[in-house]
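Let us start with two forms of the same protein chain, each given on its own as structure tokens and named structure 1 and structure 2.
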Structure 1
Amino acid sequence: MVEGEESVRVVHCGGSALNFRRAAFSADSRYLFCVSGDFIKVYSTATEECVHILQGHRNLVTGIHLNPNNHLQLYSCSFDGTIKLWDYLDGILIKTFIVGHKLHTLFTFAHAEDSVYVITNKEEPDVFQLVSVKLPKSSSQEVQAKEVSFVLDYINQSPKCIAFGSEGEYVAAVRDFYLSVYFFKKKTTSKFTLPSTKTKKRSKNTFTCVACHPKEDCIASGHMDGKIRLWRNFDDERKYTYTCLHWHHDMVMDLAFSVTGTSLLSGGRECVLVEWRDATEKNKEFLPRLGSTIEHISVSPAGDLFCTSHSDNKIMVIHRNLETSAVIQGLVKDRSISTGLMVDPRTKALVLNGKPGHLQFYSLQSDKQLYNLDIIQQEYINDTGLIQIELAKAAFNCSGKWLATVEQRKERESELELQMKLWNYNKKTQGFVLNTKIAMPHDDHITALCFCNAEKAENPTLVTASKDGRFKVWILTDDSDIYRKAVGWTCDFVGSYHKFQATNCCFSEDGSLLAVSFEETVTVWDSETWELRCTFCQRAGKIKHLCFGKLTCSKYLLGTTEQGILCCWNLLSCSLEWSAKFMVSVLEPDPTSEHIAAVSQSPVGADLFVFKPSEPRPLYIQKSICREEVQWGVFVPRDVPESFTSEAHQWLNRSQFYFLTKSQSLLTFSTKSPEEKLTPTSKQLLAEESLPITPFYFILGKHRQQQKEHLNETLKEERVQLPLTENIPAINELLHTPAHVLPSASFLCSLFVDSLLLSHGTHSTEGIPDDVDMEEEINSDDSDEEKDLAEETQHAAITDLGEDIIHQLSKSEERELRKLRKVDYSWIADL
């Protein structure tokens, strides 16, 4: 990027929610579609790879559905008021229908060829209605679709609360305590109400989701109290019946019938997928411990796969026999991020809180979760009102060899449970191994922890600061005896300052100084002797952030206070160098340069300031980077440095600044859009299938597939034609000639490789004479080999032929010999 003048803008960098709406399968269950922010992602169900990103909507995509009339097309709707039709195999937008209203979800049907059903809201913000939109037939790319007819009013906006019955005869909608069924033919609505106030557990009867049986007239509804009701005879408002299925102890989040309708799938907070066979209580199958709350369940049209979307931004593809076959995991956004953003020095992955009790390693380049590290190592029980152990803090040392984590659990009355764990990176197993576990390292919450990041430091050092008014220095000591070698962490020093709460700690770049802030005061300690060197106090509220300058600015110490003052102290003169008044919510130093990024919060939005500690003048200002509160930020070193020339953009050269907002969207600054960044890798995956293709696959996999195809001719049309092995004469020969008459393998090899090189041209079924000609062309180039081959075949067939004759074979004789070779000699084998 030479053009430094290009404006830097804030871009989303992946990690958007995959679990916003139900995922959808393609007709052959090969692809899985899911909404992801403004995009639709197409995943391969076999390899879990993202094959396409369908981009075009300008707001959140709210619904996707296969085109019932063409199963290679996909409809989508969005808050931007458009319905778009896509070709998902090529990732092309075919058509855009402009409706104009905010669309909340979308349904399509085979019998209603040219119309789709969408949920929109009327003028009042909380009243939603189901309408059908007639899609006009037109050749133009953008079409206005204004023909809207009203179907149902006063419904829930969630697509889980709407279900279309068998053959589209009726639609069922639930809201609060009502189930309303609208019959398209009769154009009547029946309403069924559950008792809401009579029962002791009031409001537990609320409907949460609904599903319709694909064959019979049966509606399944899920409820707040975990019950599933199966409604029948609902065409009569008096004679209707329902049966209850009860296993869930908490709210039923989603329901789905299998394609044939023989089993019903349900899921909820228990993280268990329940399959009810034949709609009876007795026949249940479970798939337990799915990790987190099941938000959505969907079933593939072919009926062989299910998929569940989970609250931790994960989609699980589950086989018909309840075995997980694939997991598509996005950036986990289920819980509050208390560890902040970190960068793993080894993998350059972003590290933050993941699943409950886990630390997630997330690759920013591929927008994919690398792995989860289980920190708490306990069975996860998901229940309301349960106080979980939370992963509160984590830190890496500069080489990535050590990881420190702090977990805590505070119950109402009883004491705080606190545990610090130190993990060592094991090169052999390529993972972190627990080294030391320290129970109750402090008497109160740990507010900060940091490693000494000096390169030369032979002994890793960790500092923890706590609300109990102390900071502790932990060092790695040799714990080995004559029986084994071991290292462990022990407390080396405990420091405090007038019993104030320690709020922050930070090591200088060379590791010689440690700064610890105690409420309003910053103390600087010598890391050799642990003596207090000096104190700074600004009397402007508690210190919120603390960091040392880097490289040329290493003599400066920066701190921000709660009253909105940014101070820069000079460590040489022990005096205040400069201070500025603004409310800083994030202060993050760049590890590769002197730059420091500060995000200030104002009611309008967040502003970014980049500056060097040596001068109180910002190098770069970007106003209103986002409307929400920015919670965390981090500089991620670039793999390939950029070369911005302008002074304002120089801070982007070595590393990139990522930040996380309160609603947990991950944003960054870039001159490029994220699409440009992501596409090169995903483009490569678009080879015919997203199945792994190797030369072996071409030879053996395809060969086997064709054998199957012979049995099953019907499938053949759909399959993409690849060079067939049967068309390649050399392979044909190889496979059909008895082994004992074949020439040596070393000779065959070159022939075989040659045949592979030519294989692209041989699509058509070529006759045998063509074959011979072609082979002659090859063979005329290297006649020696041809002679050898002839010699070999001769040898096998006519043993009494003298060798001297073969060397002087004329062209015609050669041809005759070739004919001889074509003769089937397999009878020899029978002798």
Structure 2
Amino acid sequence: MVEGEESVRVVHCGGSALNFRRAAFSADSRYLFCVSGDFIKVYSTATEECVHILQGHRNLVTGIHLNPNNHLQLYSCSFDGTIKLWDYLDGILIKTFIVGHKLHTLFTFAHAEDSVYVITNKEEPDVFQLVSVKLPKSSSQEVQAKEVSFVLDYINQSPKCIAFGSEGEYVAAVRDFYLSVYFFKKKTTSKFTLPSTKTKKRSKNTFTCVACHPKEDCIASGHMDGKIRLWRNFDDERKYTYTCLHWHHDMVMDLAFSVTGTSLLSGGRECVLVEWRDATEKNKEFLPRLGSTIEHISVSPAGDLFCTSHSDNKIMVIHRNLETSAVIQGLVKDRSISTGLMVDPRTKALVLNGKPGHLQFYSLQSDKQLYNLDIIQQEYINDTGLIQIELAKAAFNCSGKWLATVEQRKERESELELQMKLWNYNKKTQGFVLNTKIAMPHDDHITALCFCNAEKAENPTLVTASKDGRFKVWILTDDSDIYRKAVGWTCDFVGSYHKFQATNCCFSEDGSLLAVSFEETVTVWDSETWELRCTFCQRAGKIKHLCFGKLTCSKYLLGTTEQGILCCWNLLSCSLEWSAKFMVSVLEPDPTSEHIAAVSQSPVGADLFVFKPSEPRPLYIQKSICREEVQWGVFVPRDVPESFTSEAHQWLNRSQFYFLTKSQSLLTFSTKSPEEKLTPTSKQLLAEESLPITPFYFILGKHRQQQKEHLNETLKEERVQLPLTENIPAINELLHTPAHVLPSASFLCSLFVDSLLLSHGTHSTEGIPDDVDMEEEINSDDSDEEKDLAEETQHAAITDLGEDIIHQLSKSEERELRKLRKVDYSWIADL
């Protein structure tokens, strides 16, 4: 039972950007580290699964880097002003260094002993500097790191614009049209400038990224015009030279040298990874059609893997021979989420706009994308001036069998391309198949669409509302004949109200009523006869949201207006029940209860109100759930209901509320989870016990589990009773002490082995009484006939010269043999 007094807090539930910073590889290339909001995710490069989530920072994580002195540890920095050291294999936070300044990125290399390099703000907001932070040695968990040394000034905050040279002899920084190189030994800075005006070839010389050769004194820089410049002799401002490589038609997003320095990798908006071998124009290889703009490129320390981060929140792991081996897809950040947040009734996945022209199905449990559904089915052309076809609306029916989508393209005021598609779920292919395509279902933009989700409905019904002043009812019809089976959608009814624009539509829970809002007026229609039953008018602006109550509150209809009025109408009395004045940006009913969530915008941030339509008093209020504007929200039914006793928290029992902000961060409400109370060892055991049961488990795993249980039962009698390990200090010290503070293995080896040895007195205390009882039983029950039989058996075994090995019976076999000896076989003589 969860106590009602526990506080509900806002947590990031996933969907954070994986492409915010460069990803990093482990030394053996088995793991991939990437920044994800306030967390650091550790992925397996072989299975693409997230094996650990490093939690501890209180703000956005801005940089990660392997510890050069220990390849099993990872450094990270954040906007919270701390640098943390992690043991990424166990997911343990080792140490926290408190710097105090806002940290934008992090760099480390082996020659800088006990120091890291970070980018911080100066007093001016847009001026950044590179500084060295001394990490003091201390046994405490949190250490103050206040010893900061200035290195470079007037630099770009992006880590792509900073690169350290071979063996850390120099650091290169680019910004605008300037390249600065700082030499650590000489403590001098060389600056190089490119022309800031456009040349005759209309090129743009602005620096976008920089990379340093790992073996030679060579600096590669990318530019806005798509050129790559290789700088040499930069230790002298007069004798420096550079050569140009040009393939990209747009800006170079990132550069990276291979470990040996024989290849240079580049990427940009062409969605192509280019490998320049030997840094020559002619010798280059391509990996095309990567799907979206390449924003970051990383190389593993072993040199066998590359990694590219893309603008659609995707990470691709690429082999040295330019073959893709793994794809880690996060929540795709679209330019605008016009479809809103939906829940697939079949998979319980979150559905919203994904790649251009696609719907993405995103698993909230595993925080990964399940698949993309191509709606528009046209090749996307990356051109800023081109008007694309957009996926505007989408809706599921209650069973998830039907999906309706609306796509539109408007180049001019008089030229509107509108198309509605109905998709049917195919069980054989386990996907949606296009069933009906309707061109220009309305004469103007479609503002809303919804299915009749009544469980008793015989035929599925769809309603669309449009700015042309009409709403249309679409039903599924059977056009099958003797030659073919055909099922399609046709228009059954068209309704309007005084030529006002239709803005919203929704069905009641039982499907008997349809509510359609026409600007400031709400109309209620009978879904059987399509007759107008009643109207509600609220002179407070156009209706923004419209929804019916659920369960015991199904007699209420709620709506919000543009002027900040929330109205609740009683459908039985056809009157206004109550109203409240506050600006609502999200109004979402819970499909499993009577609760309704309303998010209101304020100058400080967004506030949450949870209420029942039957009572104007809110059941739960939480101020400032986030500083950004909340655009969408949705209730997702829980697989296992919670059991909150407090009335204020009962709205979290059956469903969980998720909301999406303007920056497309996905957040939710939660109490303190049990996972936070577990130790790292318990988390690992819990993860092993909660592994999903796959079809292979039913083929092999279950059979092996039964074999193992049978073997344990047969050998249960033969086990030797060992001393309990919890009473041995050496084993306790080895198992419960963190790995980073343990002494060397050679020191612990002798103590550990000695603790496992058994003393002369350590015998099975339960085995001796059993043997004594067994012997007493044998002495009391054995007869003369049994002794004669034993002697004959022994004599036969000794005189048998054909056998080289005498079989020795086990204890269980001896026990069975004694039972046979006690059986009376005298009845055989009477035969």
Partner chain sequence: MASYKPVAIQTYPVLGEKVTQDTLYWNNYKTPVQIKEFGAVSKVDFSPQPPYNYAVTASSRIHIYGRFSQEPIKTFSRFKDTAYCATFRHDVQLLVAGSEDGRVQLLDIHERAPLRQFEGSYDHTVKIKNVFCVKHGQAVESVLLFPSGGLLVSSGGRYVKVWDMLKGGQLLVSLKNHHKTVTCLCLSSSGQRLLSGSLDRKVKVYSTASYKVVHSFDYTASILSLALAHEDETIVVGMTNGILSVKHRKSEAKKDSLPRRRRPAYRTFIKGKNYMKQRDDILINRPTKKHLEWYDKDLKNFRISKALDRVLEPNCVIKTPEVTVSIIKELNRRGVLANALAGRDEKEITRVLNFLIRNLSQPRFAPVLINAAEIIIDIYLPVIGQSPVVDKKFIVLQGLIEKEIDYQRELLETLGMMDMLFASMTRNESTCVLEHTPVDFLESKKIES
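So that the term is clear: the rigid core is the largest set of C-alpha atoms that superpose within 1.5 Å between two forms. Counting starts at 1 and follows the sequence of structure 1. None of the values given here were measured: they were computed from a predicted structure.
Discussion item. Between the two structures, is it 1 or 2 that corresponds to the form predicted together with the partner chain?
Written reply: It is the first structure that is the form predicted together with the partner chain.
Discussion item. Superposing on the rigid core, is the Cα displacement of D176 between the two structures 2 Å or more?
Written reply: Shift at D176: below 2 Å after core fit.
Fill in: Shift of Q430 between the two structures at or above 2 Å (CA, core fit)
No.
Worksheet item: Once everything's superposed on the core, is L817 shifted 2 Å or more at the Cα between the two structures?
Response: Indeed, L817 is displaced by 2 Å or more.
Worksheet item: Cα shift of L532 between the two structures after core superposition, in Å?
Response: Its alpha carbon moves by 2.4 Å.
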